[in-house]
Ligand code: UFG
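Take a look at this single chain in structure tokens; it is the form predicted alone.
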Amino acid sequence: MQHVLVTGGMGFIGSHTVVCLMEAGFEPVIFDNLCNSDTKVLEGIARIAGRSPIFIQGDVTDSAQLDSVFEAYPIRSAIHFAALKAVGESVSQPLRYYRNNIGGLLELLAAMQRHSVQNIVFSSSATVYGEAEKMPVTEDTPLPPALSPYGSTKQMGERILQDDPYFQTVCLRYFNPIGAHPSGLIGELPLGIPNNLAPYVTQAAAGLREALTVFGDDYPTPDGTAVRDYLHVMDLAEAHVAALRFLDEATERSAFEVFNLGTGRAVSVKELLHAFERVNGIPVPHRIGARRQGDVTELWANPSLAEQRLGWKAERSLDDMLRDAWNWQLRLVNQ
């Protein structure tokens, strides 16, 4: 089995990707400092996959720890998730984001070069598009100056990988992953107050939060709330398997390839709230607040290039995402 280093593999997207890798015959080596995850995730992964994954607690900003992983396992590829990812938090703590997200990437790439590993799948974000002038965005949409330090780190990360032809890179620009594994055994597990919409919705519905704050209802959109492209985390996880196979098998590719990962469907915050209530039969207490710094009005993908080149397409519906997210929340509440 091909050993794949998965930095940040205990996180929301990382843990679901580890499951898909194991089911596809890869041997993921999880490397995570647990700053936004929990070792309980390992139990869920093992129950789904039928065996425990390799897990090493460590930090991507530590070159010695990285070297020890490459020395212990015959790693052929890396998937780099490990990054701080809250837009609002990055505005208030920019140095922390640059130190972790850029510093960690540079240390990982240096370790890969020292150990002759070229293939990397980079976890980027639709945040790089900022307030795009035309929807939906394609991979050729111009990248404006980022609206947040988080967005800047993703733009910089892409540029670093694009500038060094040693690396064979697939850069995946995620839109808005939500949901959970349909088994309910793993899902999004924010520590403290959630920064993302879906876990706040489920926690408010479960009575763990007084109410969800909708950040702004005065946007120039049909219902006044921000519009995004939500995709199921399992669809997103499967895209990483497709990206690894693309790196291994594609005969015609450049050293740096970039793909949008989304559904191509625009969904507003209010639309998502109403869909959650309809699918799960439970109200979500919410109130309207001010816009949040760093948020854009609308952003959704044209994902056709990923279908053409990677053979990947989002298959699960918004109802699937919200049903699985609620089942995961119920499991947490009942533990």
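Here the structure is a predicted model, which is why all the values come from computation and not from measurement. Numbers follow the displayed sequence, beginning with 1.
Quick note: we don't show the form predicted in complex with the ligand, though the next part is all about it.
> Considering the ligand in the predicted complex, which of 112, 170, 87, 186 comes within 4.5 Å of it through any heavy atom?
Replying inline: That would be 87.
> Of these, 176, 77, 260, 263, which has a heavy atom no more than 4.5 Å from the ligand in the predicted complex?
Replying inline: By the 4.5 Å heavy-atom cutoff, the listed residue in contact is 176.
>> Test of understanding: in the predicted complex, would residue 215 fall inside 4.5 Å of the ligand by heavy atoms?
In response: Yes, residue 215 sits close enough to the ligand in the predicted complex that at least one of its heavy atoms falls within 4.5 Å.
> Quick one: does residue 299 come within 4.5 Å of the ligand in the predicted complex, counting heavy atoms only?
Replying inline: The answer is yes: residue 299 has a heavy atom within 4.5 Å of the ligand.
>> Is residue 47 near the ligand? Define near as a heavy atom within 4.5 Å, in the predicted complex.
In response: Flag for residue 47 set to no.
> Are any of the heavy atoms in residue 226 no more than 4.5 Å from a heavy atom of the ligand in the predicted complex?
Replying inline: Looking in the predicted complex, residue contacts with the ligand include residue 226, since a heavy atom lies within 4.5 Å.
>> Please identify, from 113 to 121, 246 to 254, 158 to 166, 195 to 203, the stretch that has a heavy atom within 4.5 Å of the ligand in the predicted complex.
In response: Only one stretch passes the 4.5 Å heavy-atom test: 195 to 203.
> the ligand in the predicted complex: within 4.5 Å of a heavy atom of each of 209, 280 and 328?
Replying inline: No, the candidate spot makes no contact with the ligand.
> Does anything in 115 to 143 come within 4.5 Å of the ligand in the predicted complex by heavy atoms, and if so which residues, in order?
Replying inline: Stretch hits, in order: 125, 126, 127.
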